[in-house]
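Next up is one chain by itself, shown in structure tokens, the form predicted on its own.
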Amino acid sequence: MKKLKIVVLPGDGIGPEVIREAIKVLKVVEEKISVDFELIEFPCGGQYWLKTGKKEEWPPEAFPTCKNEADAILLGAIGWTYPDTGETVRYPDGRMVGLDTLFGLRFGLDLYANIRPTKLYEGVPHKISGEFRQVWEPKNVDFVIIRENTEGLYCDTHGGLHRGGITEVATDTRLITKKGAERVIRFAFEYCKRRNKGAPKDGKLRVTCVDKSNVTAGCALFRHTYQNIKKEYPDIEEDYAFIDAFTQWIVRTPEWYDVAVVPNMFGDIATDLAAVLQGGMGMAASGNVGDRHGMFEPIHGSAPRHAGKNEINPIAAILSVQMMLDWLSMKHGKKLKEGATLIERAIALLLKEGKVKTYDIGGISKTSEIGDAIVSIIKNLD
């Protein structure tokens, strides 16, 4: 197998800290399964923008490398705040510095499917009303949300009315196309087939269409497209939920869900909510993929107030590496799938034992201790 090039974008805040642990794990897997990775790192984000005198948020060669050379991309986190005021670092027009990197990759590489697994591992408590409680059974929380990633309210269709230096009206137009809906919905059905787990409740392969088609025209198109594509997959059960009801149902009965597909903004909100089911943002990984390219990142932000303290949970970033290897295995062979399996097994063993865990899941361990412990477990796995 050829040497695989991985572009690493640590980003802002806690991004470099969690990526450091993720790379530790990637390197031990590299040795364990005898594959070769070439890591190409670029700085990016608000901190880099300030460091360059507000000239650029990533080097000019970074995007061409991602597009033309990288087999996959690993991103830490984006966004920074001024230490004296706590205000977000922004461009003069109000845009957060770092979004040109994040959206530049999503739109520039056409990463139209955002994959968000929600899995609760044994030994992970959940923080409800300030207390850690075991609310959900681990076996009942194991589903994936596929979020459309290049349309909806995140399209560049913003505007407004500005008079005398005052913004009087702001507009955001949601755009949903037939092409965009078709490809992400078909991706969800194919993902369901490949995942081949079924819902915890009944073991059935199921793809749930999540929308607001009773009110909005874009969602009506999305649902109609889902109904047409569903005919191609007779072995997968169809299912529907309006987004407002879905946010209730995934908390009340997560065991019903296998794979869900949802438009962009609704998916952004629902996936953050779903993270509560698995122990919080520190456990939540994601993949952004298209027909050719793939970028993988934890869904948490850069958390400036935690930066540099070696206290944040790196498991989301490490699980993002697991997702990256799984995705790469479809193109480059089963060795990489073995690597993905090793990482997940190690994380599951660590969490079940419960001795090494960070503050967000009821422990006192440091970021680096989590990475070291996972590396140690992988070295001893058969």
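Note that this is a predicted model, so its numbers are computed, not measured. Residue positions are given as counts along the sequence shown, with the first one as 1.
Here the subject shifts to the form predicted together with ligand IPM, a form of this protein not shown in this document.
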In the model of the complex, the residue from F103, F132, W249, Y240 that sits within 4.5 Å of ligand IPM by heavy atoms: F103
Heavy atom within 4.5 Å of ligand IPM in the model of the complex - the one residue of Y154, W256, Y121, F187 that qualifies: Y154
- request: Indicate whether the candidate residues V321, K357 and K366 are all in contact with ligand IPM in the model of the complex, with contact defined as any heavy atom within 4.5 Å.
  value: no
statement: Of the candidate stretches 222-230, 95-103, 176-184, 209-217, the one with residues having heavy atoms within 4.5 Å of ligand IPM in the model of the complex is 95-103
- request: Please check if D268 has a heavy atom lying within 4.5 Å of any heavy atom of ligand IPM in the model of the complex.
  value: yes
